[in-house]
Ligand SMILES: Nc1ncnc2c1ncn2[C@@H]1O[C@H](COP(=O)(O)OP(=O)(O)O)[C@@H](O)[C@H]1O
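Listed next as structure tokens is one chain, alone, in the form predicted alone.
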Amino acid sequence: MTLPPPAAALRPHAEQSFAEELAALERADSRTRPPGWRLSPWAVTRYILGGTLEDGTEITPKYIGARRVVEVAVATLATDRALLLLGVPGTAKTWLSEHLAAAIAGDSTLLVQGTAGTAEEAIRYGWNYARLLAEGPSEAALVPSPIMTAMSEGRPARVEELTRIPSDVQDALITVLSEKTLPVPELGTEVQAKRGFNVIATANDRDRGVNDLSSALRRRFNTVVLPVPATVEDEIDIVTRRVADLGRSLELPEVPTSLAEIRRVVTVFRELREGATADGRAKVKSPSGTLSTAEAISVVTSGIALAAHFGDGTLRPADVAAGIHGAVVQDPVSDGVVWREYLETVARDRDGWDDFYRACREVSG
């Protein structure tokens, strides 16, 4: 059951924020639905990529990228094979996994957040130790994990940052994914997955602290690689949409969003990320950070807050300069050299970038 978002929720779940779109798709969807699915694969894909329904309902795009990537992900979940969304940080892996779960089951909350401290109980089950000591092992004392709940209710479960979970804990998923059962030897029983159950995992191999998946576990996933936005226009579109969404959610004062400043932030990030200027005429050094689309969104959102509360209400270069500096200069020594070189060899002589160059130089000191 989809719950309405709490009035003060900072970030409602996808199924809450887009409840009207999901309901409209459900009414319009006459195609075959896999067991346990709220929508057909066609409707799930339309929800993710956006479009206009026959009744005029506008479905906003949740993911801007290649249609085939989304189709493969949805088709995978329509089988009994788990899905692994792989990509560098900031390629919308978490965002896509949440919306896939919301569209398929109307519930994206069965989530295991992977960290170095994630214990096996988060994958399998735990115990209410007060009841366990008082009564011994029993169903009443058992505390199901999100994975166990998803299996028993026939819904997708999400595992975020799978490669951050210790390898021995990762392997607790092998039996779940291969046999579709979760044994509970303490009770002499097991939980068998109902139709509709699957696992959507996300992972990246760029961050520190990564634990490689065993070959046995990797074989049980169909891996879909999410690329960085293919063009600068795609990335600008993503940043513009997400900044607008965040501004409404955070109830930031209205600030005329300068497309020129968004384009500048995206251009800087792409050039540093790719190691060359947009026209390909000059090579530039890349910093140690990822400079992802998500970080560009954060820089612009922070700039809007600065412009609204401490500026003249218009997004200007000085409002984004500090955010860009913080995103680029992760290592004060090596990244500082990279950033100053970029400013002097690229930004200083670029037409229309005078204010931006001066603002960044002031921040850099």
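One-based numbering along the sequence shown. Quick caveat: nothing in here was measured; it's all calculated off a predicted structure.
Below: the form predicted in complex with the ligand, not depicted.
Student: Pick from 294-302, 326-334, 35-43, 307-315: which stretch has a heavy atom within 4.5 Å of the ligand in the predicted bound form?
Tutor: Looking at the other structure, the answer is 294-302.
Student: Quick one: does residue 64 come within 4.5 Å of the ligand in the predicted bound form, counting heavy atoms only?
Tutor: Looking in the predicted bound form, residue contacts with the ligand include residue 64, since a heavy atom lies within 4.5 Å.
Student: Taking the shortest heavy atom distance, is residue 91 within 4.5 Å of the ligand in the predicted bound form?
Tutor: Flag for residue 91 set to yes.
Student: Since only the chain is shown here, I'm wondering whether residue 125 would be in contact with the ligand in the predicted bound form (any heavy atom pair within 4.5 Å).
Tutor: No, residue 125 sits far enough from the ligand in the predicted bound form that none of its heavy atoms falls within 4.5 Å.
Student: Tell me, yes or no, whether residue 238 is in contact with the ligand in the predicted bound form, where a contact means a heavy atom of each within 4.5 Å.
Tutor: Yes - in the predicted bound form, heavy atoms of residue 238 and the ligand come within 4.5 Å of each other.
Student: Heavy atom within 4.5 Å of the ligand in the predicted bound form: which of 263, 180, 242, 270?
Tutor: For this set of options, the contacting one is 242.
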